[in-house]
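Coming up, as structure tokens: structure 1 and structure 2, two forms of one and the same protein chain.
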Structure 1
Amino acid sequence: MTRRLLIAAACLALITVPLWIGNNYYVNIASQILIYAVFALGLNVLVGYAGLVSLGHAGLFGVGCYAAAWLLAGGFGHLTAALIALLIILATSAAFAVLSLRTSGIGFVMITLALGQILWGLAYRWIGLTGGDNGINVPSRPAPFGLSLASAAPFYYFTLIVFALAVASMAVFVASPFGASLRGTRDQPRRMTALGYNVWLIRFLAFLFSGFWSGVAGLLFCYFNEFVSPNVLALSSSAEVLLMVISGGSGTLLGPIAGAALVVIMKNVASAYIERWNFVLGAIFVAIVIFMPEGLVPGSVRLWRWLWAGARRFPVRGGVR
């Protein structure tokens, strides 16, 4: 009952954001948080539920970005561009998965890192296709059913709908038999094989699901900025979204969303007052991995319960350890 109330309250709060914030600058930050939350939810499928840490997801986000921008700049309509971009995202995810799923653990980290760097190199150096450092300008935001998304509030609602879809799909996925299979492959891959599961195929499908939402976030980001540059594919982007997942708490539904809010807000605050965002990003990363490896959401929950329940400590689960 309380759970339903909380969900209803959260929905109400999210829907009314443009009303009580008012200022377009802050509404845009709210949109950014939602975009990155979709991205982090996508990565969380791998990091949290499959136990596979990818450092190349900015590549998939960036492919969504670039594919849409390139098609739109090439004169395609919004619907066609979005559909083709989604197909390209799925194809790239499949290629990433085939190459990186030959290993797990640290090998997986390295290969996804290298693959992400390849895409960054493509965006940066293949000037004929991507415009290199100059990036690609997007002519316009889409106007679904004739509704213009040009200003901050309508775009926020558009993003909110996509975000809601992402959250709903995650909630259904996590509670499904396939979600249980995936978590099984995270904890005991060899045992899962002996129980009759095709561990590789389960991971592959999870990778596609993860890549899909990462790419969708990229698509949104492309509409949001109306411009793409190689920065979206940089290693620091992959690290940022991984930080969102880990700081919020991997393997939970709420964690990546909280992490996205935290990182986006910090990034905007940090860039307003101190110029050293990357330093702060790195420092938080180190601090969280060392002191609160299970993430802020489960970490705070644990702290909260611990404070209430006195000496009784709860076992720590999930996280990167």
Structure 2
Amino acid sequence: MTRRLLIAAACLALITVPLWIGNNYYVNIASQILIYAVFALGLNVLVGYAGLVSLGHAGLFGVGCYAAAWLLAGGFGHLTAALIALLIILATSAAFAVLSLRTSGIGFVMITLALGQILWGLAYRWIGLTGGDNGINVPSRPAPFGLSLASAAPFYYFTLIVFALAVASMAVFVASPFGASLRGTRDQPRRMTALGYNVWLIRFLAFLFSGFWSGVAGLLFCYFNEFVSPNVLALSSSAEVLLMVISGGSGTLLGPIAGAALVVIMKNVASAYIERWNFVLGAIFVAIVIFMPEGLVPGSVRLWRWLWAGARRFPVRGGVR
């Protein structure tokens, strides 16, 4: 019952964000949090449930950005551009998976890092296609069912709908037999193989699912900024979203969302008041690793249960223990 009330309160808070914030700048910050939350949820499929750490997911995020921007700049409609971009994202994810799943552990990390850097180099140097440092301007935002997304609040609600779909699909994924088999490949790959499961195929399909939602986040980011540059594919972007997943709590549904909120707020809000906000963010990450090694969300749950158990063990009656 308590869990349902918390979920209902969270949904109500998200739906009413433009009403109680009011300022368009902070509404845009909320949109960024949702976009990066979708990105982090996509990466969490590999990091948290498959046990595969990727340092090249900014490549898939950037492919979504560039594919949509290039098609829109070429005169395609929004729906056509989005559908083609999603197909390109899936094809790129499949290529990433085929090349990187030849190994695991540090080898997987290095291959995904190399693939991400290759895409960044192409975006930076292939000026005829990507515009290089000048990037690509997106002419306009879509207007689904005639509703313009040009202003902050409508775009926030559009992003919220996509975010809700991402969370729902992740919840179904985690609870499904496929999600259980993916966790099995993380914990006992040899035993899963002995039981007749195709470990490579399970990881390949999980990579496609992860890449799809990372690319969807890229599409949203393309529309949010209405501009794409090689920075979206940089190694720092991959490292940043990985920190979101780890700090919030990998292998959980809410952890990547909390990590995304933490990083985006520090970058865009706290940085306006704290000159050395990078130092503060680093200190927060160190504190999380030391005191909540499982992540912010699982660590907070553990702390709450400990406090609750302590309160029940030593009840206060009449002001005296």
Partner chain sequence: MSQWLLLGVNSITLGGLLFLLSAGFSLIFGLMRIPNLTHGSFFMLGAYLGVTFLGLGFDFWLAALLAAAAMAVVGGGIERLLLRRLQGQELAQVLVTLGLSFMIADLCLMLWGGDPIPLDTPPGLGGAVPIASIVFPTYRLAIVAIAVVIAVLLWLMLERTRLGAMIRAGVDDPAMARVTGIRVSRLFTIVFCLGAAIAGFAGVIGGPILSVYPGLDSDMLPLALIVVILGGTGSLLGALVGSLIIGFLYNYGQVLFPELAYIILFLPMLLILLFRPQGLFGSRVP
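As the structure is a computational prediction, the values presented were derived from the model and not from experiment. Counting starts at 1 with the first residue of structure 1 and goes up one by one along its sequence. We call the rigid core the largest set of C-alpha positions that still match within 1.5 Å between the two forms.
Each of the two structures shows the same chain on its own, and it is structure 1 that derives from the form predicted in complex with its partner chain. Comparing the forms between structure 1 and structure 2, the C-alpha position of Val17 differs by less than 2 angstroms, with the core used for superposition. The two forms line up on their rigid core, and Ser300 then has its Cα shifted by 2.5 Å between structure 1 and structure 2.
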